[in-house]
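The structure tokens that follow cover one protein chain in two forms, given apart as structure 1 and structure 2.
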Structure 1
């Protein structure tokens, strides 16, 4: 009996681009079960590559909705075969790849409420979707719809202030507008539009789950301050859209109890709660347990910043989302294309391909690099839109080359200064309690993280973020059980493993970088005004 009590748990799901994953987390916040279904490998009949179909135009990218349904069938059967005790599941929540959308056909809601426990979901839901291949975040085919939306609300900056982002081709409002314009019959036969997250939650509920505030703020449709759909944006995208979307809800909401289908087929308890599902990025913020003032830096192929904000200032770059664990606050997302691949190129060119030599260069050069500043964009950057390598002396003269050690420090300092400048443009401020959580491949390089600590003036920690969206979803399920907004998320996750401190700011670093950051921002603006496409 004690063993059963010890394994009472919450499930965290992640419907990501390439697979569906699940983890079970017990009351001590230990992960004791995990499994996955990989689309390309385990569901070859759908013919996906990387979990998607790239169409002939090279811009349209979709995924089969029934593939996601069948993946859930398979993973639940695997859990059942392994002897997983579903009766101990108190609640579940999940994440979905952001910006993907699902189109339920008229009558599908009734099918969801009458599922037979004798049959898998895919057999019963085959005819329930008006669009069989759904647009996902990799799609970039809606440029015309983006311009239409921005024009309808007074421009890109006005749309950003309203919804947290300027119009992006992958954002759901623009995808819906394209479907309405190009396939009006399918749109008219759609009774509900879900995000991937709320679609997955709907399967567990046996009825349509609302969109949560956090994932909903990645649609170019939600007013992030008022947490309601923008009538101007809805009207610019498609008719009768509000009734097809339903009313959005706080991310920590319990949206209902699990469907009787799962109770009868798998043995879930009838009282098992479904907490609103959210996007994969917000779920990762929960998994990394960010708090007010914290920042997460993912140093991968591209570099991504997650910021916890209290008073956001939406801009033409980056994204502001509603915070998934505190409805009064916000999170921001900034993406930089020139990440690890660029660092590896500089390592090969200036450190004989050796990370050890690279680190020695960072150790042997002074903070601030003698006033030398570098901008390194081998591919067109997102934030800011500049391409090329540009080096400046302490007197702000552009120079053609730096000594090798100076070059190495210039690329790392430049990357981290850009991150701080653009984070501050969105309203971020380093606080006395600020922590920086570093993840991704480059987070293993201690000397690089020392530069990060010095530039930001905050301690740097590392954390195991494997399956962070999944684990964050399980944490959010516990949070929903605890009445969500009444109990701080930090209180719910205090038993989780602590991040490990790896770097603290060097004394005097803030004085060194204060002036450099101003120069960097000024030179970036100069380059923006000069750079029009690739340099000769």
Structure 2
């Protein structure tokens, strides 16, 4: 305990879909403290499943904002009870699930500046939100607003060139437009709109934190080249939006010092700096110290795949975001909605709810699954837009079921083949020096990572914690401390532990998957044309 007490550190937070997590990283970049609060398990009174409420229409998906506030109260109390020495925290930063939005009621800014250290945050912020259930990234109820936004700027391609993505239902501009159209009164009583990331930063700051460029890129509102809000997009979404959003800032900005609430209640030093919070995927990119040619695969609630890019070419599929650690560069991101929650369902249906049974099925079946392959989209997928479970025999006949072990391999092979195919559509190619860096809760599963190595034909590495968004946030806090001196991020993290090799491609894998990938792509097109009709 004495040693821990003397350890100067930065904190990295992650307000993700299912939980709030924190890590403490010392000056040698070692992680020496990790904690989390899980919404479904630890905050049962909010009645979420997977951290969210899916509404009756099946499209609207929200999370209670006070659940996030209370989760922060709980995790800080846990840290205090464990003897964590807050006085050693030099700076903190954090991440949030992307796209979700928080609506602060008129007057809330005043409340934030006057928090009493004697009471938990939840009690004091109870009446501070004009919308109590925040739209989150799983929401897909804004198709009409997406079409309106695209029409306003000259079409999907024009919007993508401007903001890095065509209109996506979960992107914040479209969510704000829906709230303005359906609940104009709540909108007019809103003085500030935050992303989940900038909301969390605001709690620590005791005042409104700006949105950073990287997470701001997931709103369909920011001009990613010029780094300013697009007036055309703002105007198409809602009136007086610019003043409610505040000015976006570079991701490595120090946005202020921690509020006196945290100094007095927990013992943070008054000079502890708050570095702009960003999206969980951008924070993971920082945590994994991605290098050119590498590809990161995050297997969390959503599955995402991301790359570091110098010269982006925004397209109709995938997203381009401003890079969180280098303001001149960009990152590309693909998001797959049917990630861990789908795998959990298959585990429950076909492996008696046990990850080790699930792994045994992967071990006992062969690469290529005897030609059987499947598409498993219990909720409307983002990449590609298909819903339903579709299984195909080796002869490309649709079948209604697979034996249990075949089903498990079909899910995992199908998910990873989709990732490879859609990454290649963005121009990505596996090169001899390519590393796949895996993170997220499911990266604990080595048998799944073996399938990932086999499908991609590249080695898979992990960092010592699956919480790369938290670790990346702590690294970004160190970078923020040094940012005044223009030190590049790579210099700050050069002492960080190297990723560990956990899987290499099995001999013969490339022959098996070359043919299977072609079939998967062909069947995906078949399913798409069944839903959309043939291409024009």
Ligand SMILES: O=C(CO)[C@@H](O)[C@H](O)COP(=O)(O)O
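Numbering follows the first chain given and starts at 1. Rigid core here is just the name for the largest C-alpha set that superposes within 1.5 Å across the two forms. Just so it is clear, the model here is predicted, and its values are computed rather than measured.
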If I had to pick the form predicted on its own out of these two, would it be 1 or 2?
1
After core superposition, I'd like to know whether residue 107 moves between the two structures (criterion: C-alpha shift of 2 angstroms or more).
no
Core-aligned C-alpha movement of residue 43 between the two structures, 2 Å or more
no
Please say whether, between the two structures, the C-alpha of residue 444 moves by 2 Å or more once the core is aligned.
yes
Can you give the CA shift of residue 465 between the two structures, in Å, with the two forms fit on their core?
5.2
Once the rigid core is matched, what's the CA displacement of residue 301 between the two structures in angstrom?
9.7
